[in-house]
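This document starts with one chain, in the form predicted alone, laid out as structure tokens.
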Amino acid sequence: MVRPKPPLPALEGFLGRPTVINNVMSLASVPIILDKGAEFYRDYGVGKSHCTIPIQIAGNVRHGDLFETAFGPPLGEIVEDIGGGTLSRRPVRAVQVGGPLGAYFPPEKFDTIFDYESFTDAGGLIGHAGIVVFDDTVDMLKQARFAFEFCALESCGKCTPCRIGAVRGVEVIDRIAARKAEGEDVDAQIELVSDLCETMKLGSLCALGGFTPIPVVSALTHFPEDFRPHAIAEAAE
């Protein structure tokens, strides 16, 4: 069960004792370190993000697969050179990095260096390095709804911001969609989504509720036209 942190597992974990937790990525690095040495492996990467990382590229992309690369290339290079661009041959509109709770990046941010610090500064996260590519037919309002829906389905239910906030998020996004279809003003509903995201980010006990606002806020920030009636969006431009 999730609990407030600190203490972190490294300080107080299993049976109340310091516990080291390794994932598959860290364990998979052991053979090359034993074979080539720690310095050899450390010298991959850029800045404070050392070593290599497995990247899973999926979605509307020509070369969806699992790749391993050093930290450091810009996001656009990964999407275009490794992924090969969209399978539909249409322009890339958005790329989600870090899994279903990662931020959506528009092409204007494709120069973001693929390392932990750069993605944090850009309002995103690398997470497990899953990359999902979308072409220009994607509806980012629906993608924001999916983030709340995913959280509602996956929530353990222990904390209120995650358990209830995700459900309320789906409801508010649906109201925005309905009012958008009728050409009505949606400012109050968008403000409500923003307040809800702030509550979930600050009040959730674990990363599920705390990270759910990331895709929602990035969709609102970079693709605001998908949340507003066409007349209002054009007037704002």
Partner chain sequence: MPEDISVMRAAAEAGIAIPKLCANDMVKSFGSYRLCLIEVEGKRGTPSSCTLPASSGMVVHTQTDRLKKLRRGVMELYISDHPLDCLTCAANGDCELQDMAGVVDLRDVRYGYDRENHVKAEASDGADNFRWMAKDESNPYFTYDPSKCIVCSR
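Fair warning: this is a prediction, and the values are worked out from it, not measured in the lab. Rigid core: the largest C-alpha set superposing within 1.5 Å between the two forms. Positions refer to the first chain, counted from 1.
Below, we turn to the form predicted in complex with the partner chain, even though it does not appear here.
- For the candidate set Ile82, Ile164, Leu87, Ala122, a heavy atom within 4.5 Å of the partner chain in the model of the complex is found for exactly one residue, namely Ile164.
- For the residues Val61, Leu196, Ile55, Val186, the 4.5 Å heavy atom test against the partner chain in the model of the complex is passed only by Leu196.
- Exactly one of the stretches 199-207, 38-46, 24-32, 66-74 approaches the partner chain in the model of the complex with heavy atoms within 4.5 Å, and it is 199-207.
- Within this chain, His128 is remote from the site of the partner chain in the model of the complex, having no heavy atom within 4.5 Å.
- Contact annotation: Glu171 falls within 4.5 Å of the partner chain in the model of the complex, judged by heavy atom distances.
- Looking at Glu191, you'd find a heavy atom of it within 4.5 angstroms of the partner chain in the model of the complex.
- Residue contact check for Thr160: one or more of its heavy atoms lie within 4.5 Å of the partner chain in the model of the complex.
- A movement of the C-alpha atom of Glu225 falling short of 2 angstroms is seen between the shown form and the other one when the two forms are aligned on their rigid core.
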